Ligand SMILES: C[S@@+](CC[C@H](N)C(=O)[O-])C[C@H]1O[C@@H](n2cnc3c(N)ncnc32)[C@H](O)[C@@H]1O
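The chain below stands alone and is given as structure tokens, in the form predicted on its own.
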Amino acid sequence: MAELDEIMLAELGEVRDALARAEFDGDTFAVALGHARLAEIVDSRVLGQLLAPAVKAEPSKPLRLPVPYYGGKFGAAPLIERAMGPIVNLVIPFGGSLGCLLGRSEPARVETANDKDGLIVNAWRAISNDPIAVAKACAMPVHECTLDAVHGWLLDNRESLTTLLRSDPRAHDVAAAAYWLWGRSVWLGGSWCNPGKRGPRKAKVALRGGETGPGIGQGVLSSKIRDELPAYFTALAQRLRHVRMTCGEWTRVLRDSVTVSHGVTGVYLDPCYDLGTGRRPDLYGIDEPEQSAEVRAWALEHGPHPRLRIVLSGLGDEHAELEEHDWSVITWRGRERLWLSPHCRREDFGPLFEQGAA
């Protein structure tokens, strides 16, 4: 009987997952089939309990990418949204953890996110297209040798994966996404998927104690969400459903056809910080410190456009040059600053310009 119970539970799990996917896709015919099959297997009381977790997740508050991410701007999203004011279009050329997008109180009518790193874009696309499969694939045991192997595999396959993503707007690799998410959760410190950190002894497990026990406790392994990843990723997929995701150079999403042609456009720029700020070299997966000056030059040129609301992140006095051209600056956290273009709603901040944001 125990063997039959295990078989039944496995089938119920498959049917429930298929039902969740059908609900997410809006496939009413598949939903009906899923309900009918569950009704054949169990009685109505148990059926109600089984259907509850399969309902589409509707987050009560903004969700963030559940992995450690250096430089993520989820916490700064309310300030950025406030600075941009009412916009029709949001463009994020340096996607990263998409904190600026996910932390908004409500989506813009049109949203475009880009990142040069195919490993990042693949993770977002996989979550958007098959959140349940990604969640299941993230359930890997924590082991330093596994982490080293995953890190090497991702570095070896980054280029081919990026090529695939650029050739097919819906292409994604569930296993690679899970490796990237799991590895980022387990990896100790920064430089995840940086080529300079390849090889044995480079991969070190971030141990966490307390209730979670050693080797478990952050990112997708957090005790708060590790058993709820399918629902969590499904909620993320709902939020990202209409976000246009591209993989390439940052300038490719800053043409008029992507920005001002849609109306009032918010552009959030978060390039690699300049090495002159004192930050550590090789901090990012793809580290291009020269981006800082290039992005500042673009911002300076396009800041006066009446349909653009540009916010540029930097460290210390990295972009102080902009302040000579009617840009304003506020402090977000520590040495991190946000520079606001002339048409941002700067008056809404009041004393923040003199004292810095908390």
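None of these values were measured; they are calculated from a predicted model. Numbers follow the displayed sequence, beginning with 1.
Separately, the form predicted in complex with the named molecule exists; it is not shown, and the next lines address it.
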Which one of 112, 129, 234, 97 is close to the named molecule in the model of the complex, taking close to mean a heavy atom within 4.5 Å?
-> 97
Check each of 225, 272, 175, 149 and return the one that places a heavy atom within 4.5 angstroms of the named molecule in the model of the complex.
-> 272
Based on heavy atom distances of at most 4.5 Å to the named molecule in the model of the complex, which listed stretch, 226-234, 132-140, 257-265, 72-80, is the contact stretch?
-> 72-80
Heavy atoms within 4.5 Å of the named molecule in the model of the complex: does residue 292 have any?
-> no
Would residue 239 sit within 4.5 Å of the named molecule in the model of the complex, counting heavy atoms only?
-> no
Can any non-hydrogen atom of residue 248 be found within 4.5 angstroms of the named molecule in the model of the complex?
-> yes
May I ask you to state whether residue 286 is within 4.5 Å of the named molecule in the model of the complex, using heavy atom distances?
-> yes
